[in-house]
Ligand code: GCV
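This document opens with one chain alone, in structure tokens, the form predicted on its own.
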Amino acid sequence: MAGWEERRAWLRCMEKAAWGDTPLEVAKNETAAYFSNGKTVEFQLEQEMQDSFEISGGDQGWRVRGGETGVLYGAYALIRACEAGETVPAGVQAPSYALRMINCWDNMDGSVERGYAGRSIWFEGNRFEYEPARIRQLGRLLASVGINVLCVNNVNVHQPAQHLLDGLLPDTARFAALLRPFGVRLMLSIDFSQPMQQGLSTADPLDAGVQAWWAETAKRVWTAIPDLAGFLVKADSEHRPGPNTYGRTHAEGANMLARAIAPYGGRLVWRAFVYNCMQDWRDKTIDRPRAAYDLYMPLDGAFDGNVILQVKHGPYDFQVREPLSPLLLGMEKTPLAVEFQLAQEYTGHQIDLYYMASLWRETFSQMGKGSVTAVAAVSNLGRDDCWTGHPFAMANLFAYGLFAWDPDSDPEKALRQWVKLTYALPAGQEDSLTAMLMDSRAVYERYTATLGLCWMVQPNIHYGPSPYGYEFQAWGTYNRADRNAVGIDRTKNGTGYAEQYPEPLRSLYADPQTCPDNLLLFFHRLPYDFVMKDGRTLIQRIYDDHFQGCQEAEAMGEALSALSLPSPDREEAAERMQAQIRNAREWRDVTNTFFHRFSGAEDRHGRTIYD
């Protein structure tokens, strides 16, 4: 199998990696290596432009004008456009968000929580363990699409990771130095109770000793890594410690940390993924999607200016289909980051194809600019030679960078550029691969989570069908299916979740006649003979979608076999496609049988349901 050195994803168009000690040096070396035919690229550094750039020129040569990191982004934008045969972007190009983050769930023992691409690239044996050249290559990959922050350790901070702030701090600084020439800054996940691991009796954010401990820690960390982007915190969530332990609000907890790092320009990213994870399934008054809005809306405006509240794009947990989190529409006085998940936890484990850019486009279109000032995504990276387990999963990392820079990007254009930069395919095959990946989200949704059904997955694993897998557990993830109906009433007559949305979304979701089909059972509890907009009954639509999705997965397998992909991508993609087809058949048969046993309704087309 080819090593990672030979599999640089979309930068295969470049003959060699051209490092440097500063972003400007990297930009000069990269363009010199790419334009080896004699075309020159000149750079004009204007510090006030920061990440922004402007490209001018043409036949005789190019000029890139920009800030310290802007010139590097301009160099990569120029190379991408030229290699893909596209028009070089005109005018000043500026990112929409200052922080364009990758959140890695790497543990220091080398494992990766919800990682589907092998072990950690930089941790092993409770210490840093990596190939410096690969870390530089990672910096190159991230910078080439404008990603500028890498949070290296899991938000569920385990004991060894706490040493990143003390005993392992010199190693952390050396790691940061490898990424610095590519404009990529480190961020570190911290444990709210960390002072108690160092001898203090409390982690109360209003305790003077705790405040002093964090202030001294921040001084030590920023002295070692002056450009550290900040800290990421998961508090009072899924048994993680937090300010609620001491009767304090999340604003009080976040502000204490934010004030410790403010003198150094640090940002405190506070995850809003907080809910009651020990609820009784019998209690229908608790609705998990309500949790974030109910907790944080009363705190809007109470957070310090360098706090960013990181909100998952949907109110649940990266499900195949969720509505936009109402918190992203409601909080107007607090800087927000929208959080996505590149790691395909509920969307196929980087086995099944699931190109995500249409999800991001829908999210950004619906939420607008508002108070969102940053964007984050849970990493899909790992130690596998192709970086992302499935070689096509690289398309998600590539497109994420483009959308984090410009949320108005076009999903198909981003995908086609990745295909051009990654594979030298004939035009017809390029179209076929692009179409396959563009359709992949809808295909996966049809055979797994039609009509907005969530959580019908194997518990803990989150891959493969289990319609009642979480139905009686404490996580608040229910479909309430019985012989009469399926779904949860989240209107004002039910849990009231739909009331968290402003108009016109509130009314749109509240009426099953206007609610989008792909969210129908997320917002409504309906009988199996409910008549859909297209005239089909609800149960027939469930049957049809699962049969159709499986057929489409099989058709994707046939299309894939006709592509002239290079080895080993060809073999890896083919192997995973066969696994996807088996998975789709299992989803079809298990889910259709589940609902047939409840409803007693036959498929009007006479297809086999295994009752």
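Please read these numbers as outputs of a predicted model, since none were measured by experiment. For every residue, the number given is its place in the sequence shown, counted from 1.
Although not depicted, the form predicted in complex with the named molecule is the subject of the following passage.
Residue contact check for Arg114: one or more of its heavy atoms lie within 4.5 Å of the named molecule in the model of the complex.
The named molecule in the model of the complex comes within 4.5 Å of a heavy atom belonging to Lys234. For the chain shown alone, Tyr296 is not a contact residue for the named molecule in the model of the complex, no non-hydrogen atom being within 4.5 angstroms. Looking at Asn156, you'd find a heavy atom of it within 4.5 angstroms of the named molecule in the model of the complex. Interface residue among Arg525, Lys312, Arg446, Arg541 relative to the named molecule in the model of the complex, by the heavy atom within 4.5 Å criterion: Lys312. Checking Asp482, Asp529, Glu238, Glu131 for any heavy atom within 4.5 Å of the named molecule in the model of the complex turns up a single hit: Glu238. With the partner left out here, the named molecule still marks one of 268-276, 502-510, 417-425, 76-84 in the model of the complex; by a 4.5 Å heavy atom cut-off that stretch is 268-276.
In the model of the complex, just one residue of 460-484 lies within 4.5 Å of the named molecule by at least one heavy atom: His462.
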